[in-house]
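In the form predicted on its own, a lone chain appears below as structure tokens.
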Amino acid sequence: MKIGIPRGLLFYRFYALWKTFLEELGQEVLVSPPTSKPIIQQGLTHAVEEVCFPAKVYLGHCHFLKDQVDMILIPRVVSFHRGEYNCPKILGLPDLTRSLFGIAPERMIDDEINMRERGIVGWRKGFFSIGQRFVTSERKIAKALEKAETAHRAYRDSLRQGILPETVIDGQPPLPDHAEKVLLLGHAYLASDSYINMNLIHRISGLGFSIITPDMLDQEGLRRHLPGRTKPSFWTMSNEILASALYVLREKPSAIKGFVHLMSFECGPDSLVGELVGRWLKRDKHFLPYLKLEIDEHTGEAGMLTRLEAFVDMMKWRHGSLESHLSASRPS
């Protein structure tokens, strides 16, 4: 049986896990190609207006796959961290996709994966439910999941070493390692998709800076920075972005010269996270340059490039003059 995996949203997180699990159960996997203009156009044509741009792109990938595979993998990932939730728009993707494209229930793998209450027990329950669609042996499903989790850890380790998902998944050549870095905040599905972000990472590299994303930092280590906030976030990915910003503000790694925050227009959690990061940075006496980029289907490439070049000039100026934000902005 041929199973389709749409290249969007949680794909950049669980690519190795999902692919390995299905293949170990004897299934053929087809991943949709990298995002392109026709795929985006299909997503924009069929999506409801209220969903965010990355969700529209995801629907374009589903449209590409729906007539080429026997089943599409769109698991209902309620939670992949104990005590937290996934984005509500991602939770509704199975229903939205089925409704928009008229996909029969038996052609969609939409089993619930939920770690919020039961942790790893809820995680494995979801994968056993998926596995039982293909084999009856629980032993075989457990073995497939074990190999998939090993592949997942290897994939995540590659990202922590600074390797980009496109290099791991598509074999693209790695970017040069520059001494000076930029912390790129944002969801992995924005930072990892070069078509959506208009080649942002390559542009930053071309301007002489390497990027560090939340996926390149130790997630468990980062979370020690989260306690003490007035109210924790409900959302796992928002917490990872907040923890990454707090890590740099508190640990002050000398290589990081600025923050770029890549956000999706109409994303509610992003709007809150961006406001918090901006306030924290302004309170820091060693205030690092901060560039917030909101993207959607109307974002122009020329405007983004102009802002990025100005931001890099600001980082170089700050680093060269050793002036802080306050000394540069206050009247003499």
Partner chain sequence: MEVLKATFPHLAHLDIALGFLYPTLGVDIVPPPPISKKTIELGVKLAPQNACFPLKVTLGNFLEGIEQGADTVFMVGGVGPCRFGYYGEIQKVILEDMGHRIKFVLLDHPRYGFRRFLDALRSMTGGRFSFIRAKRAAILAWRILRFTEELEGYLRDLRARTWDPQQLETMVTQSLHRLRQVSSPVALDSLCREVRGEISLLPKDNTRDHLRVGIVGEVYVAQERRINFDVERLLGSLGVRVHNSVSTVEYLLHALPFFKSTEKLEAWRLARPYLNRFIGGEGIDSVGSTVRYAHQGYDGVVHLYPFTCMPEVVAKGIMGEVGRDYDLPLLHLAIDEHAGEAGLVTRVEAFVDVLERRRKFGRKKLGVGG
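Residue numbers count along the first chain shown, from 1. Keep in mind that what you see is a predicted model, and the values were worked out from it rather than measured.
The discussion below concerns the form predicted in complex with the partner chain, not included here.
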query: Candidate site Y85, F265 and S271: all three near the partner chain in the predicted complex by heavy atom within 4.5 Å; finding: yes
query: Per-stretch contact check against the partner chain in the predicted complex, the hit in 77-85, 133-141, 213-221, 166-174 (non-hydrogen atom, 4.5 angstroms); finding: 77-85
query: The partner chain: the contacting residue among F259, Y155, F127, W235 in the predicted complex [heavy atom, 4.5 Å]; finding: W235
query: Contact test in the predicted complex: E275 vs the partner chain, heavy atoms, 4.5 Å; finding: yes
query: In the predicted complex, M108 touching the partner chain (heavy atom, 4.5 Å); finding: no
query: R283, heavy atom within 4.5 angstroms of the partner chain in the predicted complex; finding: yes
query: Close approach of G119 to the partner chain in the predicted complex, 4.5 Å, heavy atom; finding: no
